[in-house]
Every structure is written in structure tokens, then in C-alpha cells.
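Here you get one chain, nothing else, as C-alpha cells; it is the form predicted on its own.
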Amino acid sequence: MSIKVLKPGLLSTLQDGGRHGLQHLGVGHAGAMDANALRLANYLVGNPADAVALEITLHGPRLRFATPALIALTGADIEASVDNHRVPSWRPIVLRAGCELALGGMRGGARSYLAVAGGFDVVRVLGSGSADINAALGPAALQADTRLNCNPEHRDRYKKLWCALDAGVGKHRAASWWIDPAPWFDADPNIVVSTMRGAHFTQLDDTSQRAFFADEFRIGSESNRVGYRLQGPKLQLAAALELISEGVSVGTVQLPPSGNAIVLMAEHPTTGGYPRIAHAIAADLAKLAQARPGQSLRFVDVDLAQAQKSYLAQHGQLERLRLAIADRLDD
């Protein structure tokens, strides 16, 4: 199965669960910014959780499907249509061969995910099919007139949906059920992210320690998949620090000499020498992934026990959804 890219969108890249276990070699994680949205899109079409899907940023591509396909859209609230007929998100949809899927702007959020049954067929680089734009690893971002190859679709799944498409009119059929996006996509433009204090938080002066949790920051225009540059109160150390570069992770909040903090994201470097003042908890990384430049951001102080509780609760929700969706695969 293949898909022709008619228009590439603003930034559309193929992403999976990322590269693991290679940071000691200087190879970053990359992968989907919103791992929850990727996972749920794949579940909806019967794929493994980390199968390669399309990550769409702010404005989507226009795609022509050469063969029938089973797809799902999750993440940001994106304008989607086939032949000027709206296509809903957060549910499985079957498309006829030859149809064109137009993905436009996003009414909220920053990233949507398109999964295709079988997954996109890409050459894996260091164990992953993800595009790491900053490191130039993996598949390139979408370009006009290129073709995306996909693994064979699963006609044994959602049989009633396929039969309805074959028997009916129109170029697509959507399932009558869907996932509630509310727990997985926060449309509130005022983002609140839970963070744990980092190794160097206490090295901030007293005013900066209070400001980090009390004041509002804004996501700068230079933010990208590497990191979010924050605008707001200038944070300062109580005294100069002599640091060596150490390992960092997605969600690490670093403080460069400018005083404007940086939140590291999916394509973050593997090490960093700036003070590590905080860490966004895993359960709130999806909130950050859906943040746009210009949006406001506040940090909430939590401890390790709270972070672990939030992670386990979210993991349990995802697992329950996986099982519920799996029950419908044979419908």
C-alpha cells in the first residue's frame, strides 16, 4: 500500500516510540512528542503501540491513498476531510482507494497523529523508524510528490466497517464509537505542568525559587522538538556554579546564563552542562507536546511519590483503553 504526498504540511514526520538505550553513545531518543496520542492512534487501527505513524505539526498535509486503508487520527483538534466531507478524530475510519485526505489547521494543540493499519513501512535506523530532524537520523520530513509505503492493511479487523464501505456510497466510513479525547488532549490554552525539583533547584536565589512556581511563563517562538525556550521571569543562581556535562532527559528544565529556562523535548541532546532546576513529570509530557509558541505555562511543585502515582494512573487508563479497543477489533 502506498500514499502519495500532495502537500507536505508545515512539518510532518514519521515517528514511533523512539530510539532507546543509545544515549551513552550520543544518540538521542527522538520519537513522538505526544507518546499517548501515538499509542492511542495505533491501538485504534490494531497496530502495536509504538508502530510508525505520522506526526503532524500545526498544519497538516494532503495525502492520496492508492489503496483502501484503515486509519485513525488523534492528538490536536485538526481539520480533516475527504472530498469536503469532515472526517472525525479519535475513532477508526476506512477509506476507499483513490481518496484524498486533506489535513488542515488545528483548532487547538500543536500535534496530531495519523496511524494507518499495518504501520508505515520505513527503514529502521538504530532500531527506530523515527525522524530525528536535529540529528538528521531516520526518514526525512514529508515533501510534495513523495510516496509513503505502508504495510498491508488488516482486513480481518473491523469487518463490519469494511463491509459497510464496500456496500455503501462515499469515500470513507467511520466507526460509530470513539475514544473520549478529554483525558488525552487538554484544550485549555493555560498549561499547568507538574514538575519535580531538580538537582540544582536550591542553587537558585530565593526570588527565583518562588518565581518558578508562582509566576507565569510563555513558550517562545524559537521552541521546537529539541526544547521549549521559556519567556517570563529571569531566573538567577544565588552563586555561580562550575558544572560538567551530565545526562539529561525529556522534560528536564535547564537554566542557561540568559536566565530564560529551557524545557527539553523529544530531540533533546543526550548531555547538558546547564543547571538542571526541575523535571516535568512523565504524565504531563503530553501537555507540553501540545503546547504552541505564545501559550502560557505554569509549573506546579510535586514530589517523586506524586509523580509515580500520576504515571501509574495514566498507564492504567491506557491499558484499559487498549483492552476495550481490542475487544472491538473483530466487530
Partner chain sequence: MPNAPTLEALGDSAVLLRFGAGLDAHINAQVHRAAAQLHAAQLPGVREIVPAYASLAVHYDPAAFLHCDFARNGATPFSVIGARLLALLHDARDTASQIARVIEIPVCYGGEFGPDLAAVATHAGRPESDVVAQHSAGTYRVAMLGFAPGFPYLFGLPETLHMPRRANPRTRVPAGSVAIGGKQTGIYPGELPGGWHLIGRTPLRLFDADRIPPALLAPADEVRFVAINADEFKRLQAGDA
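Residue numbers count along the first chain shown, from 1. This one's a predicted model, so the numbers in the text were calculated from it and none came from an experiment.
Keep in mind the form predicted together with its partner chain is missing from the figure; the text below concerns it.
Think of it this way: in the predicted bound form, its partner chain has a heavy atom of just one of L58, A49, A66, A282 within 4.5 Å, and the residue is A282. This chain lacks the partner; the member of Q231, S249, N151, T207 within 4.5 angstroms of its partner chain in the predicted bound form by a non-hydrogen atom is S249. In the predicted bound form, its partner chain sits within 4.5 Å of a heavy atom belonging to A307.
When its partner chain is considered in the predicted bound form, L297 lies well away from it, no heavy atom lying within 4.5 Å. Although the partner is absent here, S245 sits close enough that one of its heavy atoms falls within 4.5 Å of its partner chain in the predicted bound form. Although the partner is absent here, H20 lies within 4.5 Å of its partner chain in the predicted bound form, judged by heavy atoms. Only one of 41-49, 258-266, 58-66, 299-307 lies within 4.5 Å of its partner chain in the predicted bound form by heavy atoms, and it is 299-307. Residues V125, L126 are the members of 97-126 with a non-hydrogen atom no more than 4.5 angstroms from its partner chain in the predicted bound form.
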